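Next comes just one chain, in structure tokens: the form predicted alone.
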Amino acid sequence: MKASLPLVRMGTVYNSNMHRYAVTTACSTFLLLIAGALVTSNDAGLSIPDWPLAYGSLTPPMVGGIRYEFTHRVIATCIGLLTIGLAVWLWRAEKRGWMRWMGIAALGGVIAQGILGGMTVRMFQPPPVSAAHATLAQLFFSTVVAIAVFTSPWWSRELPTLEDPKSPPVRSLVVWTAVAIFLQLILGAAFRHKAFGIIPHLIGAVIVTILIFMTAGALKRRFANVPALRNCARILHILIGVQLLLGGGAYWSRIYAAQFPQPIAVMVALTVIHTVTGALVLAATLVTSLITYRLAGAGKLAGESIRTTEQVAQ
């Protein structure tokens, strides 16, 4: 049964332009993740030995690894400007106080990311700093994705709250899954930056896979008639399947490419796609957790009231 739902709920005003801007910032940040993965996979992190300038100039010669590192810096600068615009817009136009502070948090994240990037170059890529730089990139991407969700028309609607009597609660499952994926991304970043070997990352992959299948399975069984949650389960299943295949391919390519003096195309491609797909898995799980907290079980999210209605298929 379908119910007619008012477009805007109490305390929320939908701003289509702000939402489009947030989505643009999130998509641009994903491009930055690709650029960063290309730098690491091509061993181009120190192709420009100074920062913030490049060989003492704003326009270095675009040869060799310089083109990857310089492109990464240019995109990062654009993301910084977009984030400043987003934070200012949220602070001036948002009626939800926690959303204004979320914009400030995103701005702080992009500033910290820039500082870590500079430290990575100036300190000659120490593994802890490089891994922190890669990890914060994932966290920043998820933050901007969350802002895009919170400013969306779907989030602005009055929605029913659905009962979840089963145990463990799907809310708990999806949160633990998101935490495990984030920790797994830290392990992956540490492996790529040679902080330690592959074994911790493989163990993390097993744990994450189990949790994703548990979460997606619970969503499909308990909320089969709720398209939003059913689609989340489907996306999680697809992404983890693709990511497992990419992980195997990326590791094989590293072993195969070890005999070559420079990174080869197949290794670079598989590693980059595997890395950015990990970011998509984290973002998808975060979106799933937000949707789950909106719909599954009575309660409040971020101080906003949610009215309980009869269970409906939306």
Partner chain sequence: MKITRLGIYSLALGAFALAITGCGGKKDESAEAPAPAANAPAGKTVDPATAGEVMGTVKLDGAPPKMKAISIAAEPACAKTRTTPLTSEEVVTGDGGSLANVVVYIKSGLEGYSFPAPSAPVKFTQEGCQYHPHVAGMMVAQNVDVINSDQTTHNIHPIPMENREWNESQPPGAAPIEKSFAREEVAIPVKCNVHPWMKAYMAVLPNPYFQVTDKDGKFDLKNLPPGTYTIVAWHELYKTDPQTITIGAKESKTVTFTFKATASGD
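In this text the structure is predicted, and so the values were computed from the model without any measurement. Residue numbers count along the first chain shown, from 1.
The same protein also has a form predicted in complex with the partner chain, omitted here; what follows describes it.
Taken together, 168, 176 and 278 are entirely out of contact with the partner chain in the model of the complex: none brings a heavy atom within 4.5 Å. Heavy atoms within 4.5 Å of the partner chain in the model of the complex are found in exactly one of 245-253, 27-35, 58-66, 281-289, that being 58-66.
Note on the partner interface in the model of the complex: the residue among 101, 213, 196, 182 having a heavy atom within 4.5 angstroms of the partner chain is 101. Among residues of the shown chain, residue 269 is not one whose heavy atoms approach the partner chain to within 4.5 Å in the model of the complex. The partner chain is not shown here, but in the model of the complex it comes within 4.5 Å of a heavy atom of residue 111.
Although the partner is absent here, residue 206 lies well away from the partner chain in the model of the complex, with no heavy atom inside 4.5 Å. Although the partner is absent here, residue 92 sits close enough that one of its heavy atoms falls within 4.5 Å of the partner chain in the model of the complex. Annotation for 247-270: interface residues with the partner chain in the model of the complex are 259, 260, 261, 262, 263 [heavy atom within 4.5 Å].
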